[in-house]
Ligand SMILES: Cc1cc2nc3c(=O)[nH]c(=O)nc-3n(C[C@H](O)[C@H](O)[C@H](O)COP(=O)(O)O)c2cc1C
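Below you will find one chain, with nothing else, as structure tokens; this is the form predicted on its own, and questions on how it binds or moves follow later.
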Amino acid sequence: MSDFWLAPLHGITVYTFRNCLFRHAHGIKTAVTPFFPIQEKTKLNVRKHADFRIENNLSDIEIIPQLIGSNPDHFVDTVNALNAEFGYTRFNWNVGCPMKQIVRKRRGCGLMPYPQMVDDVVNAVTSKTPFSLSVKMRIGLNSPSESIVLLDRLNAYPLDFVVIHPRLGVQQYDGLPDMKAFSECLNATRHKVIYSGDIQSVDDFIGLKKLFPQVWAWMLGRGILANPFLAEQIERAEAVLPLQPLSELKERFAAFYADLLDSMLAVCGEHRVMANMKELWHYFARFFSLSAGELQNLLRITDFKEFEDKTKQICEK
């Protein structure tokens, strides 16, 4: 049976979302958190970051904190602090975020053209701490050749695994994934590889697994936002079991959505919750086959109660 992980989506897959997803859907065994900026020891206060608190996460799902930044000493300070406060021993480094403001600072995917900077951080963490480190990356910022150079450097270190998204950073999330470049990455690394990107359906997964049977695990991001039951549907397909009828999935989605609203309202005000939910409805709209016009009408609502009632009506149809 294939191994499915929840991808880190900044501002979206935080613990309130994760816990609701795991309570109402199945198939995900590990989640990487949205990124946390590394800091030097004197400025660190990891306790204030609610996403990492043990009491905020379900005990049966492994949580791996993702960090972003490029200073080796600050990286070591941060993993030591997270271990001391929460006991984490596995960490993921974001070398794939394509956001322009991140890239400009030579963070995320902005690091990919600078393999020595990546080497310096990985060397510091693997030589100065006992913790496991993994890297989440793309096939490059500007060129697929960047990933080959970087993977060659990373082969010298005992990394936990490497997550690879088969797009360039300059593509953001547009255009088609480059499967030829991803295949070359598989051949270039000695590490276990997790595939991330554009798994939107059972058929997408089956096609990718046929292409890349050597992939160690599969990361679901935007696909599982659009369909919270995607991982379990794939598992049923792999076991040659019939998929659950859409009518039953919609009932389960309604329960998931009600739980998510309550969970978010418990920690945020209505204005913030509505803003976050509107972002999620760009994905949820696909589950309910909303037209572009129907989605726009929903996103134009400014009163929280009206928005809550309208979204619950959609879920309960």
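Keep in mind that what you see is a predicted model, and the values were worked out from it rather than measured. Start at 1 and count along the sequence shown; that's the residue number.
Keep in mind the form predicted in complex with this ligand is missing from the figure; the text below concerns it.
Student: Is P228 a contact residue for this ligand in the predicted complex, using a 4.5 Å heavy atom cut-off?
Tutor: Looking in the predicted complex, residue contacts with this ligand do not include P228, since no heavy atom lies within 4.5 Å.
Student: Taking this ligand as it sits in the predicted complex, is G140 near enough to touch it, meaning that at least one heavy atom pair lies within 4.5 angstroms?
Tutor: Contact check for G140: no, nothing within 4.5 Å of this ligand in the predicted complex.
Student: Even though this ligand is not shown here, does R107 get within 4.5 Å of it in the predicted complex, heavy atoms only?
Tutor: No.
Student: Indicate whether D198 is a 4.5 Å heavy atom neighbour of this ligand in the predicted complex.
Tutor: Because a heavy atom of D198 falls inside 4.5 Å of this ligand in the predicted complex, the answer is yes.
Student: Have a look at W281, F253, F52, F35 for me and say which one sits with a heavy atom within 4.5 Å of this ligand in the predicted complex.
Tutor: Spelling it out, the residue with a heavy atom inside the cut-off is F35.
Student: Within 4.5 Å of this ligand in the predicted complex, counting heavy atoms only, one of 214 to 222, 154 to 162, 186 to 194, 238 to 246 shows up; tell me which.
Tutor: That would be 214 to 222.
Student: Taking I63, T78 and F131 together, does each of them reach this ligand in the predicted complex with some heavy atom inside 4.5 Å?
Tutor: No, none of the three is in contact.
Student: Of 300 to 317, which residues get within 4.5 Å of this ligand in the predicted complex if you count heavy atoms?
Tutor: Contacts from 300 to 317: none.
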